[in-house]
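The data below hold one chain only, encoded as structure tokens and taken in the form predicted alone.
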């Protein structure tokens, strides 16, 4: 692995999962890998789990970390090329990223979409600019279109809960349903895109995406998934229910009014195969999901969040072990 920006950077998903489960079983057993090395983390938008889990992951490997909030902990960065810098921006991103990557062995970067220009967001203009300027491997801490560390943590979680052992077949496929859910704000497609991209490639999972009409994701990420529009039908006998809101891809960034209530309720979870409820967090209680679900044995959101440590630690391990 030379970088980690999507599942496309993973040569063998099962082997990476096997490594993650071994690392979780012995989290401090690979500290020679991180000795005298540094993981740099730059955030262009807020974070809780990604920031803290990445710091903890580096610590577990024996590596140092530095964290920078762009524009708050640093000079105001100019992003545009060819600009005359006679305004508020004091430093250009060209020099800034080259300097930051000189100060670390792996650079984690978090960017965010504007949800205005689909072409700009889906070309990953900002993230690719950083990647092109960095002299060290880049890890996506979320970009405009993808969040691979979250999806990898979700895979670790589902493998643990099912008892799946990499390389060994299960008696039957695991039914995983990703359902659209309501939200008061328009949200990007990064988490659902990434979840769909990963789980469409996992051969021991029967994967369904259910959403209202108009909320179909970019088909590049959903190839191989079953696409559905009836939430009640889709959730029947599900082993895992992954709830997430996203704004429209086709009518980019728009929130399309819906007549049906798509909130995940206790009654809906009761139609599953004693299914487990998942969400990447933060989650809007009693909007996306009812309290009765989050506070019940159905919910594994904390297990999922905990595995953010081990998804990051595994990726850092793979990128640092040969440096």
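All of these numbers come straight from a predicted model, not from anything done at the bench. Positions refer to the first chain, counted from 1.
There is another form of this protein, the form predicted in complex with N-(3-carboxypropanoyl)-L-norvaline, and it is not shown here; the text below is about that form.
Residue 191 is the only one of 100, 243, 191, 205 with a heavy atom lying within 4.5 Å of N-(3-carboxypropanoyl)-L-norvaline in the predicted bound form. A heavy atom within 4.5 Å of N-(3-carboxypropanoyl)-L-norvaline in the predicted bound form is found for one listed residue only; from 164, 112, 229, 252, this is 112. Contact annotation for the candidate site: 147, 185 and 282 all lie close to N-(3-carboxypropanoyl)-L-norvaline in the predicted bound form (heavy atom within 4.5 Å).
Proximity of residue 142 to N-(3-carboxypropanoyl)-L-norvaline in the predicted bound form: non-hydrogen atoms within 4.5 Å are present. Only one segment in the set 282-290, 29-37, 260-268, 60-68 has residues whose heavy atoms sit within 4.5 Å of N-(3-carboxypropanoyl)-L-norvaline in the predicted bound form; it is 282-290.
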